[in-house]
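Let's start with one chain on its own, the form predicted on its own, as structure tokens.
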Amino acid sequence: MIKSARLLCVCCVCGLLSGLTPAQTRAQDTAVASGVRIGLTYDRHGKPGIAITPVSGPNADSVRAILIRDFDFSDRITVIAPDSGEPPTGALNYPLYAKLLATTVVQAVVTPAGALHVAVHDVAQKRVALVLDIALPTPAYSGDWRAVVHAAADSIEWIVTGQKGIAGTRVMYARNSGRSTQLWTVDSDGANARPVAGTENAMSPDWHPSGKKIVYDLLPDDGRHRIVVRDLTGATPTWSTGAASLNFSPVFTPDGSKVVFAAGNDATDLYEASPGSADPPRRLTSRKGSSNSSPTFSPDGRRIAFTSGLLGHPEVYITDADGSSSELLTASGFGDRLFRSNPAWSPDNRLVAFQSRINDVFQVMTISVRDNSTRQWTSDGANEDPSWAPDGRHLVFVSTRTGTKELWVLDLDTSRARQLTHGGRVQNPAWSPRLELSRQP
């Protein structure tokens, strides 16, 4: 089964936990001297099996439950986690774990001092490959406490698979509370949902690439939509604009220096603005009797996909970042019920996800940027507003498949879908970049 080994430097492991302060974490190989290259042996063509032993110490069951969910929801790992048993002591029985098809064993302890101690064992090599010691913030179960456990899961996933995990990310979305909306965030495993203070009447959020700021569409009492940029550490906006009566669907450029949004007094065009600058927004598109909205950038920042009604109904177009060389991306087809909108460009630059009306119901689809081949991903209920995870493998979207509008996550490699939110009345999801622990909204 074992076909290759990935070697990892100890200093690279420490870099994975860069979101933790020096006082919170240390990572070292207890089996070899500092600087010696270590690694885990695994089947690169399958899903490696990770055995998670019972955890001991305060809040041990919760720590183990989070690790199990994070590995499961990564969709790259086969989790081996017995429901009962005592934490192992002494030397591990590596041949036994090998019979269970485990390539890795994760052994965790929560110390009386409140630190999370994790030993990651390479079953094939019969040795400890990595040790993590991470201080758990107080109180237990808080957002920061959960973020540390998620960070540990992501680090272990990277060691085992060579892929960066998404456990330490969050999804921001708008929740309708009757007459108004407010922005909320939820952990990538569906736990820890909470409102973002000071975002009443806000919609259509987008994350700054650093994860430290957000931009959103605000509809205050005067009825004039505004675009607002806010630092997540502060309660007041750091910048806003609203020269036209309509200003909505804002996004940051990939380098975070500018914001592109739709604006107009009737029909709309795309505009670019520099937050903090006194310069007026620069117009990027010419509406030509139609509305242009919902911009999304290619990862290199050179192109923008957006929705336009140029053909008399919404379709997805691509333009250069300066607004030149616009071309149709989605095929126009025939009929009077065509509606393709809300594009989202994948982090790996291969696909654009969008919503398409099929039999009068929206469904999530993707189109290849290279050859325009399309694929429909949903069919149960109405599904709309796709947003990509940083791994380029998972999509979050709004679905009515349970009877109310909830967020669902889809793994494009396996087509596995899971419900993310509960409570209904949600819209406009935006998946965060990988977050620093001090930037948990």
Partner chain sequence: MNTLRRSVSLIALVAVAACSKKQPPAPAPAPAPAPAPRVNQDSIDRANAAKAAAAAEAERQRLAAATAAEASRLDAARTAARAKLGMVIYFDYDKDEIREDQRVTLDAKVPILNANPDVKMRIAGHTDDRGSDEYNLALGQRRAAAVRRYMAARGVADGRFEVVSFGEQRPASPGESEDAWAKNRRAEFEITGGGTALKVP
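Small disclaimer: the values here were computed from a predicted structure and weren't measured. Numbering follows the first chain given and starts at 1.
The discussion below concerns the form predicted in complex with its partner chain, not included here.
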| Listed residue (G85, G276, P112, G178) with a non-hydrogen atom within 4.5 angstroms of its partner chain in the predicted bound form | G178
| Listed residue (T78, S245, S240, S142) with a non-hydrogen atom within 4.5 angstroms of its partner chain in the predicted bound form | S245
| task | May I ask whether S204, P220 and S294 all come within 4.5 angstroms of its partner chain in the predicted bound form, judged by heavy atoms? | result | yes
| task | Flag D266 as yes or no: does it have a non-hydrogen atom within 4.5 angstroms of any non-hydrogen atom of its partner chain in the predicted bound form? | result | yes
| request: Consider N428 of the chain shown here, and say whether it contacts its partner chain in the predicted bound form, taking contact as heavy atoms within 4.5 Å. | output: yes
| task | Using the partner position in the predicted bound form, report whether K405 sits within 4.5 Å of its partner chain, counting heavy atoms only. | result | yes
| Looking in the predicted bound form, any heavy atom of S346 within 4.5 Å of its partner chain? | no
| Counting only heavy atoms and a 4.5 Å cutoff, which of 338-346, 104-112, 122-130, 364-372 contacts its partner chain in the predicted bound form? | 338-346
| Those residues of 364-391 which, in the predicted bound form, come within 4.5 Å of its partner chain by heavy atom | E384, D385
